[in-house]
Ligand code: NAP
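Presented as structure tokens, the chain that follows is alone, the form predicted alone.
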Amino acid sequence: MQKDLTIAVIGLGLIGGSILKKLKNTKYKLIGVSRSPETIHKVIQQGLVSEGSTDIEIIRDVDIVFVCTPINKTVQTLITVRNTVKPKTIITDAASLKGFILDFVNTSDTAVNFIGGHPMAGTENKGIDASFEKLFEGAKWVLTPSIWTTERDIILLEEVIKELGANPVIADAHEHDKAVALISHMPLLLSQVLFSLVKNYPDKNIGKLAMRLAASGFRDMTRLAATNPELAGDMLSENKPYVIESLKELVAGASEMQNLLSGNEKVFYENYLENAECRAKLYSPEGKNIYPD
């Protein structure tokens, strides 16, 4: 593994900040870019970067760039980065949607040395102060190569991702978006629906009592309801067709479960037991996905 690489991170929030904190004690030279002078001051003071700036020109000679901006700013940032860095610089991102970004890159008239990325890790919090070194430990990190991607660059980026503690997974961009609609974006919307149902329950006394009694089950089921609004809006808007498709499947599944509970409790509990056993095997005791590749 080449250790004398210079790695830049653009956007120093939860994801970008956590990348810097994990790579802090490696031999890489780290550069941070943020729109916020206060954030740049923090990462320099904390010794997370060799150099930091609000000026993207600072990345001109780097080897790898992680673009960790909001989804709605990713494409424009890619254009700026492409026009700034060396042709061989590997550009990757951390956006939770990949299809529209890869469509832009793959149809570009100018080569973009881009490999889409999505770390399957995060919290409902945002900002550099919410970042932490072990965010990616044991997590999957999706890579969606573009038509410009070389095998050498994939191998190099995979090695960096492994140093972040994550496990790289190669996927098609649009298949990725369909999958995350099922496991992330639709659950986010469902979390909002559930929380809103209780908060605005027609019988006010029951609703208030439910809110007072809400414990770990309701907390875990509605954690995503507190997701950064900008991030949530981007995900649900840009992935709308796949989210709606997933919601239709959810409604059909809920209807089927309701019918079984009403008319055939034996089959209902057989299905329940099968799902419970499968769910118990999906995650490690530490909460990391251990589904086999």
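The structure displayed is predicted, hence computed values, not measured ones. Numbering starts at 1 and follows the sequence shown.
One more form of this protein exists, namely the form predicted in complex with this ligand; it is left out here, but the text below deals with it.
Note on contacts: among L260, L231, I58, A225, the single residue with a heavy atom within 4.5 Å of this ligand in the predicted complex is L231. Shown without its partner, this chain lists I71, V105, A166, M186 as candidates; in the predicted complex, only I71 has a non-hydrogen atom within 4.5 angstroms of this ligand. Just one listed stretch, out of 170-178, 146-154, 195-203, 123-131, contacts this ligand in the predicted complex at the 4.5 Å heavy atom level, and that stretch is 123-131.
Mapping the unseen interface onto this chain, S96 counts among the residues with a heavy atom inside 4.5 Å of this ligand in the predicted complex. A residue is said to contact a partner when one of its heavy atoms sits within 4.5 Å of a partner heavy atom; S237 fails this definition for this ligand in the predicted complex, lying far away. Although the partner is absent from this view, R35 contacts this ligand in the predicted complex, with a non-hydrogen atom inside 4.5 angstroms.
Among residues of the shown chain, S246 is not one whose heavy atoms approach this ligand to within 4.5 Å in the predicted complex.
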